[in-house]
Every structure is written in structure tokens, then in C-alpha cells.
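Given as C-alpha cells, the chain that follows is alone and in the form predicted on its own.
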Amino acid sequence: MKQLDVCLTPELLHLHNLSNSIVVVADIFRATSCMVTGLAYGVKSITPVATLEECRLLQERGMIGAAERNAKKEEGFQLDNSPFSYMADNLIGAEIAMTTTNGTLSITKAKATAVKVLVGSFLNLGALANYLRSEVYDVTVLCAGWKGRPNLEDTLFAGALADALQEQFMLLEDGTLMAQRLYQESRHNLLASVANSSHVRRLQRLGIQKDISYCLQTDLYDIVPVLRGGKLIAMP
């Protein structure tokens, strides 16, 4: 039977064997929520890169540059890290290069050895679960965390996906069981569950309350972003 595992931070990824595993990267506040939103609103592709320098180079080559560090937009780039910025009509058909503090770094770490890399958020939870049920591979949920440390919102998402797939996948590792239990205890009020989390406090200090509520909504979009040729696209 297939197995679903949870990696609570990219710093622990080397402990996981990804050779037979689809990796689902989750950076709920806010990178993967932006990616799902953008592709749902008609963005053609999003190229995730680890560094500002890579993103700047792609912007100079004609892509729209999106860059965030420490929850703030970096100077010299066109887009920030708010999902609401990815709903604009002028982005329909656009190719975006994106770098963020945690999410894009997690994608670049996973892509070398994973069978494939998908992007997950609460916004596309149901679509993602439905797709993974049809796959023959194991699944590893990679929580982007915050600068190498676990965080609450990504762990909650991992638990939600594990809970949705518990009939089709074995949940054997303690990290997976912890995430599932946390989600089960929090599922009826996710916003309250993350109210005192470090990243929520960080975003609130920047006046970004609406992003928090938005990113915790479930099943707004029926798309599954997949990494192909270095670009995230909506799976056909």
C-alpha cells in the first residue's frame, strides 16, 4: 500500500527517501497559495527559483518578477507575495518568475530527486487529494516552514491532506500522525488555531490580515500545479 509521509521542514528533507515519492510542497502563508491562485486566474506559468539573483535575471529576460523576503516585497521586482496580487487581469497568460523566503527554496530542494513536485494549499486541497488517489507513488508533504523551522499553518495543511487520504495511504511516521492529529483538533476553526502562530503575528505587524483569512479557505480552486521543465503549470 502507498505511504504518505510529512516532512515538517526542508532541513529534514535529507532524512526522507524521495525516489518513489511525489512531493507536495506547502507554504500556506503565502507562496503556494499565491501559486495556486495565479494559475487559477489564468497565469500561464510560474518559475520558482531559490535566489533573488536568479529571479532578477529571469525578469530581465522578460518574465514578470515576484520576490519576497521576510514577508516583504523586494525592491526592483514587479510582484509581491500576496495572493490578491495574482488575480489581476494583466497577468492572464503571463510567465512569472518567483522567489520567496521559504516556499520556492523548498521546491528547488525537492525537484532533484522527487518523482514529481506538486504545489499544495488549502485552496486546492480537494483537487490535490483527488489527483493523488489516482497515483501509484508514495507522497511526501514538504512543509516549507520558516527559515528551517517548522510552522503551524504548513503542518495543519499536511495534516489535512493526510486526513483526506488516510483510506488510500498508510500513515506510519510520527510526523504524519502529529500533523493529522493537529488538523483534526483544529479543522473547525483554522483561523483561531493559527491566531498566535509566529507567521500570523509577523504578517499582522505588516498589516496583512486579509491574506491570512484567504489562505485558510478550503477548495476554492479545482487545479493541481505541477513542476514541468522548471515551471509550475496547471495540470492539464
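Because the structure is a prediction, the values reported are computed rather than measured. Each residue number is its position in the shown sequence, starting from 1.
This next part talks about the form predicted in complex with another copy of the chain, which is not shown.
Heavy atom within 4.5 Å of another copy of the chain in the predicted bound form - the one residue of Arg187, Arg181, Arg69, Lys210 that qualifies: For this set of options, the contacting one is Arg181.
Stretch in contact in the predicted bound form with another copy of the chain, which is absent here, among 148-156, 89-97, 130-138, 116-124 (heavy atoms within 4.5 Å): After filtering at 4.5 Å, what remains is 148-156.
Ile233: touches another copy of the chain in the predicted bound form, heavy atom cutoff 4.5 angstroms: Flag for Ile233 set to no.
Contact flag, Ser198 vs another copy of the chain in the predicted bound form, heavy atom cut 4.5 Å: Answer yes; at least one heavy atom of Ser198 falls within 4.5 Å of another copy of the chain in the predicted bound form.
Heavy atom of Ser193 within 4.5 Å of another copy of the chain in the predicted bound form: Judged by the heavy-atom cut-off of 4.5 Å, Ser193 is in contact with another copy of the chain in the predicted bound form.
Contact test in the predicted bound form: Glu54 vs another copy of the chain, heavy atoms, 4.5 Å: Answer no; every heavy atom of Glu54 is more than 4.5 Å from another copy of the chain in the predicted bound form.
Contacts with another copy of the chain in the predicted bound form, stretch 2-31 (heavy atom within 4.5 Å): Result: Asp5, Leu8, Thr9, Glu11, Leu12, His14, Leu15, His16.
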